[in-house]
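Before any questions on how it binds or moves, here is one chain, the form predicted alone, in structure tokens.
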């Protein structure tokens, strides 16, 4: 039943894994002389950051933030609220913000402002999906990009619709009738 709600698979499990290995190799090379702190945004990036940390070949630290910007709606309101802050101190540390998807850029911009105020040694972004068609904020330091995604509502591999579909092993396009029915 879960898979029946998917119109089509956009990125397969194998494609995600292959791209993740490439991202991990680049991160491992770029941060070879440091121990970066990977900051992941819950809940969407959970699957991505878990697999990414296992794929990198250098020591990394990990911490989490939780925010809300969508609520139950499909489109962002532009308002972001911090629900869970970091446990780790980031001053003087190399920080890599790990996102599941960046679309308008408003959430990422908010997170960057919040983290920059804490004086990290460096601050970069790694995102699994980049939806540039919806970008409002263009000045984001996206250093690692998994896939560019078209302006479609996607779910799976951590991405959800009303807290559902995160557990799909691939990224798919949700059928319009599923969205319309709720």
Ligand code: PRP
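Please read all numbers here as calculations on a predicted model, not as lab measurements. Positions refer to the first chain, counted from 1.
The following text describes the form predicted together with the named molecule, which does not appear among the structures shown.
Asker: Of these, 120, 146, 36, 44, which has a heavy atom no more than 4.5 Å from the named molecule in the predicted complex?
Answerer: Contact residue from the list: 44.
Asker: Is there a non-hydrogen atom of residue 160 within 4.5 angstroms of a non-hydrogen atom of the named molecule in the predicted complex?
Answerer: Residue-level check for residue 160: yes, a contact with the named molecule.
Asker: Closest heavy atom of residue 102 to the named molecule in the predicted complex, within 4.5 Å or not?
Answerer: Yes, residue 102 is a contact residue.
Asker: I'd like to know whether residue 166 contacts the named molecule in the predicted complex, with contact meaning heavy atoms within 4.5 angstroms.
Answerer: Although the named molecule is absent here, residue 166 would touch it in the predicted complex, with heavy atoms inside 4.5 Å.
Asker: Taking the shortest heavy atom distance, is residue 106 within 4.5 Å of the named molecule in the predicted complex?
Answerer: Yes, residue 106 sits close enough to the named molecule in the predicted complex that at least one of its heavy atoms falls within 4.5 Å.
Asker: Of these, 22 to 30, 36 to 44, 52 to 60, 112 to 120, which stretch puts a heavy atom within 4.5 angstroms of the named molecule in the predicted complex?
Answerer: That would be 36 to 44.
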